[in-house]
Every structure is written in C-alpha cells, then in structure tokens.
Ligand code: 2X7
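One chain follows as structure tokens, the form predicted alone.
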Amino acid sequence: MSRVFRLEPSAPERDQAKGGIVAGYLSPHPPHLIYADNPPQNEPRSTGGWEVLRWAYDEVRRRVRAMKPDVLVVHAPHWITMVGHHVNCVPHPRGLSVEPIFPNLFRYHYDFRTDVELAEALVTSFENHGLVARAMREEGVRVDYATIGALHMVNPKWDIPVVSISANNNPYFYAEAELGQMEVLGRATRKAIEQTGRRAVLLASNSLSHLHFDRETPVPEDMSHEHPYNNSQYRADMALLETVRTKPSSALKTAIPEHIAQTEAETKSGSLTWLLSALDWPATTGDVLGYGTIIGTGNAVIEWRCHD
C-alpha cells in the first residue's frame, strides 16, 4: 500500500516558520467509525452509520489540512504501559491491527511514518520533567486501534508524520488521582515540540462516558439501536460539554475529575488532560464539532485552537 510522505524541512526552513502546537483535538477512536467509513485499509465492509461523528471528523480533516502541520502527536488510552510513558520511535510502523472485542469491524492494515527526531526529543523531555519514560524501538510491534483510530479519522491519507504516546496504566486503577502527572506530561510535550521547531497538531484519543452495551445488534451499523447507555451518563457528558462550550479550558481542571466521578469515563486515562496541559490551558472555549454515542458510549469531537 503506497503512501506519499512530506519531506523533512531543512533547518533554515524550520527557523523561518514558528514552531509549536497549532491546535488540539479530542479525537475519540471507537473502531465503528473506521468500519463505517469503509477505507481501503480496513477489511470489513459496512453500509455506513454514526454519520454525525464522521461528519465532525470531515470538518477536522479540512481544518488540519489548512494548518499544514509538520506532525500529528497522539495520546491513546489503549496503548497501555504498566510502567511509565512510552513513545513510539519506530521509523516506519506497518502491519495489521485487529480490535480484540470487535474483530468483525476492525482489521486495519497500517503503514505510516514516525517523526523520530521529535519522538526521541519527547522521551528526553519527559525524563527531564521527572517522569519515567521509554523509547519503543522494536520493529514489528503492533500499533493499537486507539492510536490508529484517531490518526485515521483525522488524516486518512497518512501523509503527515506522527508520534504516538502510551497511556500509563495507573489511571485505570486510580481514576483522577493521576491527572496531575498528565499535566506534567503535557508541559513536557509542549517543551519538546517547541525545541524541535515543529508545527504540531495534538490528538487526545478519548471517549467521554464509557459504559457500553454487552450485546451487538445483528447489523452493527443499524442506528435504530444506538442511544446513550443511560440518562445519567448522557447528562454528565452534556454537563462537561457545556463547560467546554461556555468557559475557558481552565474550568475543565475541575470539570474533568467531576465527570470521572459521575461516569465510567475514559478520560481517566489522561489523554484529554494531557492535551489541555500541552496547550497551556487556553483561555478560549472549545469548539464542539459533534457528539454521538457508539454502542452507548459518549463521544465528542472538539477543537481547541492556538492563536499566534
């Protein structure tokens, strides 16, 4: 499967353009979205579904291409590491990723380029900020579906280099207790991006409420069966999104832990907190581009733009 990749800019070119984070997106990864999109990389075929979320991603794609970033940096909750924060430093990951719960929906052939210079700089920056960090350099290690899901939905052409960061497993046990460490991870990410002069778009691969149905419908994309898991999960999602829409992102320092306490939230993996910290908790509101449920889980596509 052929790909066209952007050439690395020369040092003078990089000096002329201001590096840094240009935008960040909450980019949920349910495999159903790729299944519904029917890309050539995914083996299963569908008749569509979950259109509102997929249309939101269409708008993200348009905006990201207009920004012309050098790199997409993703933090994904399903690349779980037991000790510390790992960064994929493999130059050319390629292989087949199968979603373990929904292999009937997601068997994806991936083939992309890593920005190795930035990946190595992230490992160093994490360590300099007092975090346990490791560089993953083992060729052939399978890339998880949450990483692929966010990256594909934002850039299905795969023509922008990427860097992926793991989710330390502690947050899955201790809920919001580890979000402070994710703030440090975000600051360290921003530092490495600025030092390398990259123009970066960040992706937090999180759903919101994450209770889901335990029975699949005969036709997975039959939207007549799609609805929130229950009203309390939905209302908690709406309360969080109202804060996103109406208040500066600093208000989410309180709202995210409250949402975690009220729901079975995937944000406890820390991706959203990492994203907002890397953006330095912008004083602007977030732009909610779409919300929808997938097997009962709440998913929102949201942009926070950095202004020069």
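Quick caveat: nothing in here was measured; it's all calculated off a predicted structure. Throughout, we count residues from 1 along the sequence that is shown.
The following text describes the form predicted in complex with this ligand, which does not appear among the structures shown.
(request) Take this ligand as it is posed in the predicted bound form, superpose the C-alphas around its site onto the chain shown here, and state whether the site is open or blocked, counting it as blocked when 3 or more ligand atoms lie within 2.4 Å of a backbone or C-beta atom. (result) Site status: open.
(message) Please determine whether residue 126 contacts this ligand in the predicted bound form, using a 4.5 Å cut-off between heavy atoms.
(response) Residue 126: no, not in contact with this ligand in the predicted bound form.
(message) Can you work out whether residue 199 and this ligand are in contact in the predicted bound form, taking contact to mean some heavy atom pair no more than 4.5 Å apart?
(response) Contact with this ligand, no.
(message) Considering non-hydrogen atoms and a 4.5 Å limit, does this ligand approach residue 30 in the predicted bound form?
(response) Although this ligand is absent here, residue 30 would touch it in the predicted bound form, with heavy atoms inside 4.5 Å.
(request) Verify the contact flag for residue 23: yes if a non-hydrogen atom of it lies within 4.5 Å of a non-hydrogen atom of this ligand in the predicted bound form, no if not. (result) Contact check for residue 23: no, nothing within 4.5 Å of this ligand in the predicted bound form.
(message) Within 4.5 angstroms, counting heavy atoms, which one of the listed stretches 208 to 216, 108 to 116, 221 to 229, 147 to 155 is next to this ligand in the predicted bound form?
(response) Flagged stretch: 208 to 216.
(request) Run the contact test on 56, 237 and 287 with a 4.5 Å heavy atom cut-off to this ligand in the predicted bound form and return yes or no. (result) Looking in the predicted bound form, the three residues 56, 237 and 287 all stay beyond 4.5 Å of this ligand (heavy atoms).
(message) Can you pick out, from 94, 78, 191, 134, the residue that has a heavy atom within 4.5 Å of this ligand in the predicted bound form?
(response) It is 78 that has a heavy atom within 4.5 Å of the partner.
(request) Between 279 to 301 and this ligand in the predicted bound form, list the residues on our side with a heavy atom within 4.5 Å. (result) Contacting residues: 294, 295, 297.
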